[in-house]
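Only one chain is given next, in structure tokens, and it is the form predicted on its own.
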Amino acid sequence: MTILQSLARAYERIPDAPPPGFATQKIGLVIGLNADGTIATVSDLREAQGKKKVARQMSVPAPVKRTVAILPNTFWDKTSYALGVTAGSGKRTVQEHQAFVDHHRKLIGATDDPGLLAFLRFLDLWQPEMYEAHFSEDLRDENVVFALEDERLQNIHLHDRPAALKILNTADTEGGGQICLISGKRAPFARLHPAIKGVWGGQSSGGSIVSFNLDAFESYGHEQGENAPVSESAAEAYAGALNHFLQKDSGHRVQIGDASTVFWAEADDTQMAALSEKIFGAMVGGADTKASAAEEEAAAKRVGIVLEKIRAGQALKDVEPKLGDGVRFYVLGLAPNAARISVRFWLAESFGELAKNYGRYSADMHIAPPDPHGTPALWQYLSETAVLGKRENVPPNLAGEWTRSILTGTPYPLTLLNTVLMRIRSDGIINARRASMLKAVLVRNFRMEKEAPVALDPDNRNKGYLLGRLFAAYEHAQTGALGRGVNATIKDKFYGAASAQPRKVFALLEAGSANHLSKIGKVRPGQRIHMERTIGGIMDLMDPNSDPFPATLSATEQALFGLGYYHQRNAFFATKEIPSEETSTDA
């Protein structure tokens, strides 16, 4: 099943989805009209959220797709179109308002419907100079809907009236009947598809996931949507579902790097579908839900239990048998590309297979000691690959490629390994998250389960791992001798060179460590013995027939260097301090 087909089917299962031909938009005010077309009331629909007023979400006739042309919406629009008033320079406001008036006069024509008659009379009477008498200044550029005053309190708007719906359903559509590529039925095709809004970094007016806005994209004399015919109803369905999922509080989206990721489930049992969506949201982190507090607490507890069992390696069929095979799951990653939206990744798989791949990923990332803040979300790992930890600095495509490999169980992108190594060399920070990513790439891509252990392996003889441990021991000796107030430690000065070109650095570090150990021995001889034993133990594991300090280390050896450093450094903190009064037997 294609992306658009899956979205169109998902639209049918959204409980609060707008009907065909409608879309959810932000509406700031409703104008109540008297039967003679005069204004009875003006109702501000905005709600205070902090210091801002946020317009209410309302189902209205689907908006037109504007580029540079002046195109009015039907039965609603922003004040520049509906009232001829704007907060901006207003260079085209007169033309926009006239287009709104002409559009509705032509669309409605002769009618005996009281609501439509009042609306036409309003358009005849209204002058932009009348704005200040009825509206406040902060309502400029808000979206406006209309209603008969006696129906306004019943929440019936002009576009809800049967006469208006009949006009909308019989409005002319462009294009003749063609076979729709989504539904397979013959229907008028959509020349322009509805805009997709909510993609992080995209244009505020929205972007297109299907468009033919250059001659190079067209063929056989076809224009715009005729090149890949999709019916109007199918285009509105897939766009409606995607816009619904991309909403901030939809519970179906999560931001992973530059990829706005939406997900949804399909199952005969709607409760199982909802549960799988919550579990997936918890897997990747950041998904919001709309349940009440009590429901949220109960659902979160159940999700947490299931997720912990998956991370522990249990099969989903043993944890939640109904989720194993009966739920089809879809994941779609989107990123902006000027006026278009690019697909970063697309996955359609059973939830059981997805959970299996996630369990494998959890095993790859397992490290000791673990992250002190709990299991990080995917975006938190990606932040470790970005300059200053900012989401916008995550390398392009990395988020999408890594997410796809996690969900499909394929090898991780090698750019992940190179990016983490580069960040470590740059800022010198080696924490649990970065060590986890290094280990995961080594285990999955290079099958180095033995060389890249979860916790400190005192018998590991890998050259990179041993050098990382040795570097941590030298650093610990420096800290013991000089304290933690040193302006620049050997890690700050030499980590990059030591991990890439050990021969240039380790002879210098070895000489420096002798001085540090001598200073420690004068005040804490027991600690000196402990440090000497540790360094000697690491050196004993090195192959005497091989150069202990090679000229260069490969990328995988550099990753093992970082892993060895992380394990050994944390082992020092975990080790019980040696009493200072202990004396050396060698002294």
Partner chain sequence: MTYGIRLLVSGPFACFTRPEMKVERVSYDVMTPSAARGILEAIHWKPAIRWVIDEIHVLKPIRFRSIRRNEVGHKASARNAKTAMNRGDLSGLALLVDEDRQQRASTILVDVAYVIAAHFEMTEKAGPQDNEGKHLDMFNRRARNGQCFHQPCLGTREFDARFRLIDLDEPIPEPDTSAHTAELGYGTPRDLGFMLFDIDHQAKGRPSLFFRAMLQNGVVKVPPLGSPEILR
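In this text, all values refer to a predicted model and were calculated from it rather than measured experimentally. Positions refer to the first chain, counted from 1.
In what follows, reference is made to the form predicted in complex with the partner chain, a form of this protein that is not presented.
Q: Name the stretch, out of 105-113, 154-162, 85-93, 224-232, where some heavy atom lies within 4.5 Å of the partner chain in the predicted complex.
A: Stretch 224-232 is the one.
Q: Contact with the partner chain in the predicted complex for R344, defined as at least one heavy atom pair within 4.5 Å: yes or no?
A: Output for R344 is yes: heavy atoms within 4.5 Å of the partner chain.
Q: Counting only non-hydrogen atoms and a 4.5 angstroms cut-off, does L4 reach the partner chain in the predicted complex?
A: Judged by the heavy-atom cut-off of 4.5 Å, L4 is in contact with the partner chain in the predicted complex.
Q: Indicate whether the partner chain has at least one heavy atom within 4.5 Å of a heavy atom of L388 in the predicted complex.
A: The answer is no: L388 has no heavy atom within 4.5 Å of the partner chain.
Q: Is there a non-hydrogen atom of G184 within 4.5 angstroms of a non-hydrogen atom of the partner chain in the predicted complex?
A: Within the cut-off, so yes.
Q: Looking at T270, Q98, S205, N337, which is the one with a non-hydrogen atom within 4.5 Å of the partner chain in the predicted complex?
A: So the residue touching the partner chain in the predicted complex, by this definition, is N337.
Q: Consider the chain as shown here, without its partner, and state which of M130, A507, L125, I179 has a heavy atom within 4.5 Å of the partner chain in the predicted complex.
A: None of the other options qualify; the answer is I179.
Q: From first to last in sequence, which residues of 389-419 have any non-hydrogen atom within 4.5 angstroms of the partner chain in the predicted complex?
A: Contacting residues: N397, E401, R404, T410.
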